[in-house]
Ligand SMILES: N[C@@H](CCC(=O)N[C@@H](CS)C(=O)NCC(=O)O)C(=O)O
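Next up: just one chain, as structure tokens, the form predicted alone.
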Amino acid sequence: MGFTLFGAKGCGSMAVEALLSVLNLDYELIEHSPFEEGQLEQLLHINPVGQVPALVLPDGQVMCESAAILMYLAERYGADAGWMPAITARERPVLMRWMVFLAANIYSTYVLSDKPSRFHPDPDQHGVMKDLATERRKSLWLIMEQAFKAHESPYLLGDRPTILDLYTAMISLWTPSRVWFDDHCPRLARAAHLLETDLRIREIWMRHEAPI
């Protein structure tokens, strides 16, 4: 029995789908959009938060939260290929810090901008909220860019890609846009574009109509 991935086009399930593919793991993709009422109702039975991705493991356990899923899969199935640094590796705490940074700071802002009515009842304020969320993302990307600016390795943590490159690449496709990301975060963008030379990842990005 393989994995079952609940995902939706353009959502955080993209990176999980990409990693499953790269690791040659057997999985079934079930598309459930959290933005469509009928599909949302079904999704709530899998993930009470009503978000994707949700990954059903071969033993029946359900994992949610994209960063957690990526770390689990990379640790369990991709460590030999370098997708997760060894527990004693110097790069290990760096990866964990920035994976959580992306999830807790940048990724979390999309919860607000995707559906601002969850946070404020007045539609007249929603545009302002989205704009502020975008500006917050920009400032956070610049913090991460500064942290990696001096790293000369091809990827963010060395000569091989890790899930940090994958997670960064996926989130950079969203607002404020890959164009903005390329212009303002060239060090991060270099690693993202290098990762996307992998045809397996590129194929999934294209299926999600990602602007690469």
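Numbers follow the displayed sequence, beginning with 1. What you see is a predicted model; the values in this text were computed from it and never measured.
FYI, the form predicted together with the ligand isn't displayed, but the following is about it.
**Student:** Which residue among A86, V111, M96, L142 has a heavy atom within 4.5 angstroms of the ligand in the predicted bound form?
**Tutor:** By the 4.5 Å heavy-atom cutoff, the listed residue in contact is V111.
**Student:** Using a 4.5 Å cut on heavy atoms, which of L19, C11, L195, I204 is close to the ligand in the predicted bound form?
**Tutor:** Filtering the options by heavy-atom distance leaves C11.
**Student:** The ligand isn't shown here, but in the predicted bound form, which of 50-58, 158-166, 144-152, 177-185 has heavy atoms within 4.5 Å of it?
**Tutor:** Careful reading of the contacts points to 50-58.
**Student:** Suppose contact means a heavy atom within 4.5 Å; in the predicted bound form, does that hold for all of F35, Y107 and K115 with the ligand?
**Tutor:** Every listed residue reaches the ligand in the predicted bound form, so yes.
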